[in-house]
Structure formats: C-alpha cells, structure tokens
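Before any questions on binding or motion, here is one chain by itself as structure tokens, the form predicted alone.
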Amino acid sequence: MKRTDLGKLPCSIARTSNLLGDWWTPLILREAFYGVRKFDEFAGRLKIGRNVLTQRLNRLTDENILVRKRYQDKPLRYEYRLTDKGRALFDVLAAMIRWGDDWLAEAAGPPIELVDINTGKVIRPIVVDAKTLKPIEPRNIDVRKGPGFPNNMKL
C-alpha cells in the first residue's frame, strides 16, 4: 500500500509523522539512543528485515537524522550516529515513553526506566514551555496561524 505524503502539509505534526510515521523508524531511533551504531546490531536487536532496515536507515541519513561513518574498509562497513537534528528527536521519544508508561504498561510496571546518570534517579519526562519551563496543559493552549501558514488556507 502506498503511503500518503504528508511532508508538504502546513502542519508540524503531519510533517513529523511523515518522517517517523511507520513503526520501525522510532524503534531504530530508540536503538540509536541506546548506543547501537552498526547495521547488524540494529537488525539483530529489532529482528527487522535487512531490506526494511536499509530503507529506513537511508531515509534517516537522507533527512540528516543519522550520519553514516565508515569504520571498516575490507569489507566496507558503516556505523550510524545521531546528528544534532536526530538527538533533538529524543524529546519526542521521551514523550512517547511517558505516555506508554502511563497508559500501556502492564501491572508489573514500565518495561524500561529513564535514569539520570548523575543522580541515579528515575526521570519522568514532561513537556514544558521552553521560555517559562512550566508544564504545557492542553486546556491552556489555543492555536493560531504561524508565519509559515499558507495565506490561501483556513485554520
């Protein structure tokens, strides 16, 4: 089935979904955040077909989310590292972790915990306003057209 390209819509959720909107891409990014770098490590940990992994890694490198670096010449092998743009996606994944922990965890509790390396304490991510550092509550938010919204469209 051919996917609808959402990348040109005037909506940041649509554009981000266009990039991350299959089930493998966020999992590949999760593994990259866990320190996985090599193709065979991704394939083994995710149990993903090599053709699908190749497609997703190519897309992530084309989008400058990952960068491919050669680490071996014979045979030629590459590792994949997160770029600044890729590392910025951690906020998205952390929000997904929090939501999944709150709403989908089994009785035993969350399957993983995010831990502050300095304190050893569990971190519970929240979304905050970058200026005020106050948590964002949907009931306190309104939406208006931004500078990039097309003039010929309605909100």
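Start at 1 and count along the sequence shown; that's the residue number. On a predicted model such as this, the values are computed, not experimentally measured, just so you know.
We do not show the form predicted together with a further copy of the same chain, though everything after this point is about it.
Contact with a further copy of the same chain in the predicted bound form, judged by any heavy atom within 4.5 Å, is made by just one of Arg124, Arg68, Arg50, Lys38: Arg124. Remark: Leu89 counts among the residues lining a further copy of the same chain in the predicted bound form, judged by a heavy atom distance of 4.5 Å or less. None of the heavy atoms of Arg77 is located within 4.5 Å of a further copy of the same chain in the predicted bound form. Shown alone here, Asp84 lies within 4.5 Å of a further copy of the same chain in the predicted bound form, counting heavy atoms only. By the criterion of a heavy atom within 4.5 Å, Ala43 is excluded from the residues contacting a further copy of the same chain in the predicted bound form. If you take 113-142 and check each residue for a heavy atom within 4.5 Å of a further copy of the same chain in the predicted bound form, you get Glu113, Leu114, Val115, Asp116, Ile117, Asn118, Gly120, Val122, Ile123, Arg124, Pro125, Ile126, Val127, Val128, Asp129, Ala130, Leu133, Ile136, Glu137, Pro138, Arg139, Asn140, Ile141, Asp142, in sequence order.
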